[in-house]
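Next up: just one chain, as structure tokens, the form predicted alone.
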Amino acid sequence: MRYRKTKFSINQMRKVVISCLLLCVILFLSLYYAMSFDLPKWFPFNKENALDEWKEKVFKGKVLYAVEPLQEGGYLSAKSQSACSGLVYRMKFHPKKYPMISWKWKVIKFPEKTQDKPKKGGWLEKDDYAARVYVIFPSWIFTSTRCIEYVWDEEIPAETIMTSPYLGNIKLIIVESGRENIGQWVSEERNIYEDYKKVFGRSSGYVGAIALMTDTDNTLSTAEALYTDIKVGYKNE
């Protein structure tokens, strides 16, 4: 029991550190990447070089991300085996003016999570998801950098709002739940500005990046998902 407790503590510290590093990297890139963007940005993943403008951030092992431009109109596939890495796209816009983000995703396989009820701090081991879409809000002050994660989870009810077990300024919104649509394309659309006010209780600042991630580093299992037609920075008309 002592060994398991020590191992869990080390894993917890590791992910806290890498989460902080992710926020530091995004903050640094956003502060020095202030060029104007043509909005909206659209990512159909229908060209072989579709990931050239995306940067991979590796935390624990590399997730296999691959563009399939000739399959089903084009998509990005993500296959994780006990790994945690994400893809980040830097951009800058204010969601009050351009609040919308939409995408399509398909879960092929969920991480293998235990069915036990989480104990105190136990849901750290459940912080693996087949599909996540991030919107990141950088700040000059590190502790003010915030993030919304849109998640597809196998069990947690849709529209559940959670705080990351690692950092309080990361909020998760379950936008898709269950296995009913596994293996099928599901379309999502969210109002970033309204979601930010809902989870943080105030208006947002600028968006500095979006990101995608499929991860299984806590469960040491496998997961697979597909992403396509990501559109960000437009008005809800």
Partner chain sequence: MNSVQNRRRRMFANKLHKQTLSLVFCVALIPTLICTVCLFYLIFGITAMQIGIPEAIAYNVIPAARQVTVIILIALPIAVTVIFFFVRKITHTIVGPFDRIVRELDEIIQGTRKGPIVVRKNDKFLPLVERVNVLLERLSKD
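It should be emphasised that the depicted structure is a prediction, and the values quoted were computed from it without experimental measurement. Residue numbers count along the first chain shown, from 1.
One more form of this protein should be noted, the form predicted together with the partner chain, which is absent from this view; the next part is about it.
- Remark: V67 does not count among the residues lining the partner chain in the model of the complex, judged by a heavy atom distance of 4.5 Å or less.
- Within 4.5 Å of any heavy atom of the partner chain in the model of the complex lies no heavy atom of K106.
- Shown alone here, A158 lies farther than 4.5 Å from the partner chain in the model of the complex, counting heavy atoms only.
- Within this chain, P95 is remote from the site of the partner chain in the model of the complex, having no heavy atom within 4.5 Å.
- Scanning L76, A83, V88, M91 against the partner chain in the model of the complex with a 4.5 Å heavy atom cut-off leaves one residue, V88.
- None of 44 to 52, 175 to 183, 57 to 65, 190 to 198 except one has non-hydrogen atoms within 4.5 angstroms of the partner chain in the model of the complex; the exception is 57 to 65.
- Contact residues in stretch 150 to 171 (any heavy atom within 4.5 Å of the partner chain, taken in the model of the complex) are S164, Y166, L167, I170.
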